[in-house]
Every structure is written in C-alpha cells, then in structure tokens.
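One chain is shown next in structure tokens, namely the form predicted on its own.
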C-alpha cells in the first residue's frame, strides 16, 4: 500500500512538472545593436523583467549585435514567425510603408520633446500598418539627435559631393543624393569595417553609434546638426501574442511601458555624454556652419514634400496633428 502511495505521489509530481514545462515558453529576441548599447541594455532589462514576473512561464532571451538575425532581417523574421519578438529601427522600414519614415524627415522634430510629440501623433497610424502585417507594437525608444560624421571638414552640402555616405534607410539614401554624396547601405554591425576599408567615409548618426563603434579610429569630424531623432521599436508577432494568457499579456504590456519610459529617459541622459566621449577620443565636435545649416534646412523641406506625396492624406493628417501640439 505504501509503495502504491509513493508511486501515486511520484506520478503527481511528475505530472505537475510536465504541466509546468508544457506551459513554459522561450522567446528569442534579436537585436541589431551591441550588447552595451543602451537600446540593447534596455531590451535586456525588459526581457529579464518579463521572465521574472512570469516565473519563467515566458522566458525572453535577447540576442544583440545581429547575432541571431542581422538588422535588415529582424522585421521579416518577426513578421513571418521565425521569432516571436524583435527590435528594429523604424525608419529603416520605409519600403514597408511611408509612415515608418516620418521620424527621419530632416529638421521636422529635432528635440526630445518634439520627438515625443511626433511619436504620439504618428503612433496610431504605425500601429494600424503593423496590425495589417500581423504585428503589434510593444514600445519605442529614440536615439539622440543625429549628427554628421565625416573624414574631412564640411562647411556646406557642396563639400559632400562624391563622398561615400553610409545609408541605413530610404531617407538617408535620399539625403545623400540631395547632397551629391554616394549612398551605401551599411547596417550598424558592419560600420567599423566599412569605415576601416573606405567603403564609407561619412554618415549621419547619433553620438551613441559613433561611441559604440569607436568611430574616432576612422573619422575626425562630427557636426551636431541635430537632424532628427529616429526611434527603434520592439514588435511582437500577433500569432505568438495570441497564444499567451491574459496574465502574461498584462506582464508584457507593463514591462513594455516601463521600457519605453526608461529608454526615453536614458537617451536624453546620454545625448551630451556621447558627444563628450567623442571629443575625449580626439574627434573635433562642433555645430554646423550657417551655410551647412541652410543647406540642410532646404534639403529637409524637399524631403518632407516628397514624403507627403508618398504618404498622402494620412501623412498630412499626422503632420498637421504634430504641428498643432
């Protein structure tokens, strides 16, 4: 009788363990940027918070530096269900829909305050597009204002003629063309090699990217033109989302809300620090000349007009709402 009782208890314990593991799920989360970048660190904290709060029922494991999927592959990987969750630079998705390019329109939103206003007014339109692609937005975090990196001094857009310019989305490719530069598509993980080998000579990017990639080893000048504040977004596959129970969904949404708030605060905190680090490592940091600023403003007007032609009435509605805030 005792043997039967012990056997029954053992079976019950094993059944409980099987049940626990049956409901436990692991989500791999690809990231394009290095593990030490604040976007990746923020994502790692988000993943750890979800894993802890669910008691391991949902474990999220981050894979930085494009180690699981390269930056250009992440959005499609999430959309097709190869991974359930991932982070992607929003403005790199302009081929998916024009709305994703809005935060890379030069000189439309050049401060954190304005970037948040633009995010709030464009978010409903972005969520609509994501929903049509089987995705859901969890959170978005900005980069610091974008500056111009170049191997030689730049006093006007004319100085950029023929320069090999690193592009990471349609907007930066068009910017290069309007300056007379030669756009070359290069993902963040490939930056150091591209500049080291002369494939790239210039780019517009934040101080964060330059710091992460030790850009001072190849580039001398950085101009704080504050062109725009692009954002990364974390999206989840809707089929994967639909398989979660309501409690875990709630945990994810709560963790995402915190990640977004913390990420915006960190980006603003680090903006000046990154510039100081570039200078400390020998780069010459300055604002744009009057002529370069004028040239960029003109280019920005051109790109906004071109974007509105693509985005149509919905794009105009977002721009109008932003300007009224």
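Bear in mind the structure is a predicted one, so any value in this text is a computation, not a measurement. Residue numbers count along the first chain shown, from 1.
Only in words, not in the display: the form predicted in complex with ligand PCA, which the text now covers.
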(request) Please run the contact check for residue 230 against ligand PCA in the predicted complex: heavy atoms, 4.5 angstroms, yes or no? (result) yes
(message) Just checking whether residue 237 would be counted as a contact of ligand PCA in the predicted complex - the rule being heavy atoms within 4.5 angstroms.
(response) no
(request) Indicate whether residue 188 is a 4.5 Å heavy atom neighbour of ligand PCA in the predicted complex. (result) yes
(request) Would you check, heavy atoms only and a 4.5 Å threshold, whether residue 99 touches ligand PCA in the predicted complex? (result) no
(request) Please pick, from 121, 209, 226, 150, the one residue with any non-hydrogen atom lying within 4.5 angstroms of ligand PCA in the predicted complex. (result) 209
(request) Identify, from the list 78, 181, 200, 89, the residue with a heavy atom within 4.5 Å of ligand PCA in the predicted complex. (result) 89
(message) Let me test this: is every residue among 143, 146 and 168 within 4.5 Å of ligand PCA in the predicted complex, going by heavy atom positions?
(response) yes
(message) Among the candidate stretches 201-209, 129-137, 173-181, 153-161, which one is within 4.5 Å of ligand PCA in the predicted complex when only heavy atoms are counted?
(response) 201-209
